[in-house]
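Single chain ahead, by itself, as structure tokens, in the form predicted on its own.
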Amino acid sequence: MQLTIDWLHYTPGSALTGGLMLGIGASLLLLFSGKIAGISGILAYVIKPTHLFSQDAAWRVLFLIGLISAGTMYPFIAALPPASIAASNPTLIMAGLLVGFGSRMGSGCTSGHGICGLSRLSLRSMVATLSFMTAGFVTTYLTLHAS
């Protein structure tokens, strides 16, 4: 199997726009509230029953609602690109659980470490980002080229 770029659906403009929006949003949250926009940390806080009705939970719940709403509303703004998933439901569930476990084990997710942590020059985030990017590169190589 060879990895190729689908030039017809290659969208650097929207990718750049999305990256800028993430960066601006994370920066504004940090600037105005001192909070870090790491999704796994935000979600972990909200799902603890003792935190759910705390004063600090409101912005986190609104953040998650906005995150879900944006994805839900996108098809009303633009056509969704074609997508297909070749994995079975049990494989997808296991993958999701492993990602969740890895996020908790690594004290954060890709958004927390890769966007927010690196921008704050966090050494822990640099190690975490290098680790998950290396794991992704190796997994992709082994999946596509070593089989």
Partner chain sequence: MKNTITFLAGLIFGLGLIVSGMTNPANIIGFLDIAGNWNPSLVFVMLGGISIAFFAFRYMANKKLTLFKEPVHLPGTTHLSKELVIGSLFFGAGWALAGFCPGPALVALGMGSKQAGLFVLSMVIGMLAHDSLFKKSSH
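Since the model is a prediction, treat every value here as computed from it, not as a measurement. We call the rigid core the largest set of C-alpha positions that still match within 1.5 Å between the two forms. Positions refer to the first chain, counted from 1.
What follows is about the form predicted together with the partner chain, which we do not show.
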Can you tell me if I5 lies within 4.5 angstroms of the partner chain in the predicted complex, counting non-hydrogen atoms only?
yes
How about L52 - does it come within 4.5 Å of the partner chain in the predicted complex, if we only consider non-hydrogen atoms?
no
Quick one: name the residues from 88-115 with any non-hydrogen atom within 4.5 angstroms of the partner chain in the predicted complex.
N89, T91, L92, I93, M94, A95, G96, L97, L98, V99, G100, F101, G102, S103, R104, M105, G106, S107, C109, T110, S111, H113, G114, I115
Against the rigid core, is the Cα displacement of S131 between the shown form and the other one at least 2 Å?
no
